[in-house]
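Here you get one chain, nothing else, as structure tokens; it is the form predicted alone.
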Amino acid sequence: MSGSASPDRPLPLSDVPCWDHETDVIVVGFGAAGACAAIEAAEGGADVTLFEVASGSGGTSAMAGGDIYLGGNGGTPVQRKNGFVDETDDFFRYMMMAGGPDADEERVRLYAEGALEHFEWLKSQGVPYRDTWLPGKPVMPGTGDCLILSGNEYAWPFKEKAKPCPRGHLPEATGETGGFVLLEALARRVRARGVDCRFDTRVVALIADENRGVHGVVWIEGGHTRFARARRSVILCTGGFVLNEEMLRRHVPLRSRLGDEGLSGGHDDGSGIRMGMSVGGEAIHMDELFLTLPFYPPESHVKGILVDEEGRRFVNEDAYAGRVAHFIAERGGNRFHLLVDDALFERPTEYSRIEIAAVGETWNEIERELDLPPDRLAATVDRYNRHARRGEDPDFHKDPAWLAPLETPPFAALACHLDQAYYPFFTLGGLRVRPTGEVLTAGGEIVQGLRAAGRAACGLPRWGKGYSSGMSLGDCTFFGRLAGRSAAAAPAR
């Protein structure tokens, strides 16, 4: 009877033979968004069942560094402790720029005004935070410190519109385990709230009435097809679609430029997005990716300059590595080089797969070794050096703190080629939702009985060139909470 049901086709309500399980709220996916949705729905008095395809909690969220982008209201306690004042309007303006041309103003305003309370809520769930700040441009430092610069705060053009402030908040964790620490704390609270957690269960379709209102899910457990009713709402927290090659090739133009470096906990197959679309939900910004290139650490390499295969600069190198990677991927050609001198050079990290492409005593030697157009590279470096000595960059507005003339031989060109270096990515597009998680049609109507959060929805991060580390987990946790709270308050049907 469920043979015709799939993520792309809901099972008609009239075809349900019997309900194997009934509850108020069904949450699909036990990552950060699903955990927060389940906690708030349970605290709102709802009976909650959480379905997870894996054998335990975590999802892709547990693989992340764990930083959450927070600020506003004068600053979090950690920001204030370390001498930073972060006014809500500055936070709001930055987040609007980070969201890109189609930033969701209502969502951004709610987040900017509620981020301080959200930080206190995370701490109350048992997520551990120190009150220390780590200067510079650390990437998943694993030192246990909390506050880091994690985006474009001090880079042009963002610094022109909003007063810069560090806003990445990391849990206290040793090594690259911040996401795991965050999810472990949230999972403990989910269990403490009495949520019915069902692992090794795959939700394969929604159950909908003739008006496409959602009443439950079809799930597979132990090879058996079962039917679960949600009296109030289903909340899809199933992640993005970075593992679905067909969806990537259909929606993401940059896919053809990238390798197979999709970031996922193993189940970001787009099934939740497809389920939402199957009942009329609209998917938006499906072409957008988080994409990055770890050309730092070492931090000194930010003072180098990036050139394309014509030997021309094209971006301010002090921007967040995710923004830089997008400028690379959208530019013609595959060969890109980071130019450094002996004063700046340190061997790139092994995981970056950035190799030394050329070494020479002059930039003309580097140019010839790379087979670049004659005198182009030398002219590019000469122009950069002349302005850098004066502490200025009229071409790309690199901050003076990261300007240094490249004049100490030997010189080196590091290969940041698209087909060689490490360019990890995940998807940002998803279901169009209200801040409360309610899924919307293309006409702006609410799909009854269905909500979504996390990367199954299109939330705060929806423009790769504006992404800051911590925006996704901030979006997942904050709006996962709102979806759970809204679902608990929905009238039973």
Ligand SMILES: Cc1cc2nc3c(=O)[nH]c(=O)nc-3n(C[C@H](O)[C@H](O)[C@H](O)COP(=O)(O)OP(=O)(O)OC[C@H]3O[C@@H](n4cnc5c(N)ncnc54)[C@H](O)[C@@H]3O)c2cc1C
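In this text, residue numbers run from 1 along the sequence as written. None of the values given here were measured: they were computed from a predicted structure.
One more form of this protein exists, namely the form predicted together with the named molecule; it is left out here, but the text below deals with it.
- Across the proposed site, V48, H215 and L440 without exception lack any heavy atom within 4.5 Å of the named molecule in the model of the complex.
- The candidate stretches are 444-452, 57-65, 37-45, 429-437, and the one lying within 4.5 Å of the named molecule in the model of the complex by heavy atoms is 57-65.
- Out of the listed residues V203, V381, C146, A112, V203 is the one that sits within 4.5 Å of the named molecule in the model of the complex by at least one heavy atom.
- The listed set S271, N152, Q79, S233 contains one residue whose heavy atoms approach the named molecule in the model of the complex to within 4.5 Å, identified as S271.
- Although the partner is absent here, A32 lies within 4.5 Å of the named molecule in the model of the complex, judged by heavy atoms.
- The closest heavy atom approach of L263 to the named molecule in the model of the complex falls within 4.5 Å.
- In the model of the complex, the named molecule stays beyond 4.5 Å of every heavy atom belonging to H251.
- Proximity of M95 to the named molecule in the model of the complex: non-hydrogen atoms within 4.5 Å are absent; the residue sits far from the partner.
- In the model of the complex, the named molecule lies within 4.5 angstroms of a heavy atom of only one residue of 124-142, namely M140.
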